[in-house]
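As structure tokens, one chain now follows by itself in the form predicted alone.
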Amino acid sequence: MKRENINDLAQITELKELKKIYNKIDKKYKIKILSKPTEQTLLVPVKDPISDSEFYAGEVLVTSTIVEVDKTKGWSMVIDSNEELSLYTAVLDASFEANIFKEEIKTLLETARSKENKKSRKLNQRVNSTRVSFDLM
């Protein structure tokens, strides 16, 4: 797992699990919030496949946070308005880089990825079961 995957994987992890590891880190190390969770909007660029040009499809609300854990900076940007998730993700990012609970963070996030993949496969199977065979009609 790479550090750049933390933001994506933390968003599919249960918040209570993120809070548990956040509390463990908070007890042992000094967490300094450099930039409180802040809501922003980002323009979403989309590439038109026909004309090969880019345009902005709209805006997305995000929450971003910058923290420092044991003199290592961490950053997060999560979709929607979610201050807790943004804070926990930034702390995980900094801790991962500083090798603080790194294996525990990897295990937590990879478990979440595995559960998400399993859920996605089940959904795909249900969707595929509704496929209509036009050859029979």
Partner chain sequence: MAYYAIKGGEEAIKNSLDFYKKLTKKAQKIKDEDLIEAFTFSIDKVISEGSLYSKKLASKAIKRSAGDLLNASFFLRAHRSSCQRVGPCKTLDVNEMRLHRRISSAFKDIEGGQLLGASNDYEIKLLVELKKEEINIEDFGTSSNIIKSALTPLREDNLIKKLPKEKTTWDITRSFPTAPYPRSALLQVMSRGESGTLLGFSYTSMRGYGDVHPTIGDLRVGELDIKFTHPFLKKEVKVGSIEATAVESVGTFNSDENGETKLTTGFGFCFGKNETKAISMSIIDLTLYNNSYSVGTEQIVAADFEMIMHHVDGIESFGFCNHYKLPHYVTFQTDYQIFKSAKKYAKEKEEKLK
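Everything quoted here is computed from the prediction, not taken from an experiment. Here, rigid core means the biggest group of C-alpha atoms that superpose within 1.5 Å across both forms. Positions refer to the first chain, counted from 1.
What comes next is about the form predicted together with its partner chain, which does not appear here.
Peer 1: Is residue 66 close to its partner chain in the predicted bound form, meaning a heavy atom pair under 4.5 Å apart or at it?
Peer 2: Close contact exists here: in the predicted bound form, residue 66 approaches its partner chain to within 4.5 Å, heavy atoms only.
Peer 1: Give a yes or no for residue 11: in the predicted bound form, does one of its heavy atoms lie within 4.5 Å of a heavy atom belonging to its partner chain?
Peer 2: Contact with its partner chain, yes.
Peer 1: May I ask you to state whether residue 103 is within 4.5 Å of its partner chain in the predicted bound form, using heavy atom distances?
Peer 2: Judged by the heavy-atom cut-off of 4.5 Å, residue 103 is well away from its partner chain in the predicted bound form.
Peer 1: If we define contact as a non-hydrogen atom of the residue within 4.5 angstroms of the partner, is residue 125 a contact of its partner chain in the predicted bound form?
Peer 2: Taking the distances in the predicted bound form, the answer for residue 125 is yes, it comes within 4.5 Å of its partner chain.
Peer 1: Can you pick the one in 62, 108, 98, 31 that has a heavy atom within 4.5 Å of its partner chain in the predicted bound form?
Peer 2: Flagged contact: 62.
Peer 1: Which residues in 73-87 have a heavy atom within 4.5 Å of its partner chain in the predicted bound form?
Peer 2: The stretch touches the partner through 73, 74, 75, 77, 78, 79, 80, 81, 82.
Peer 1: After the core is matched up, is the C-alpha of residue 121 off by 2 Å or more between this form and the one not shown?
Peer 2: It does not reach a 2 Å shift.
Peer 1: Once the two forms are fit on the core, has residue 48 moved its CA by at least 2 Å between this form and the one not shown?
Peer 2: The answer is yes; the displacement is at least 2 Å.
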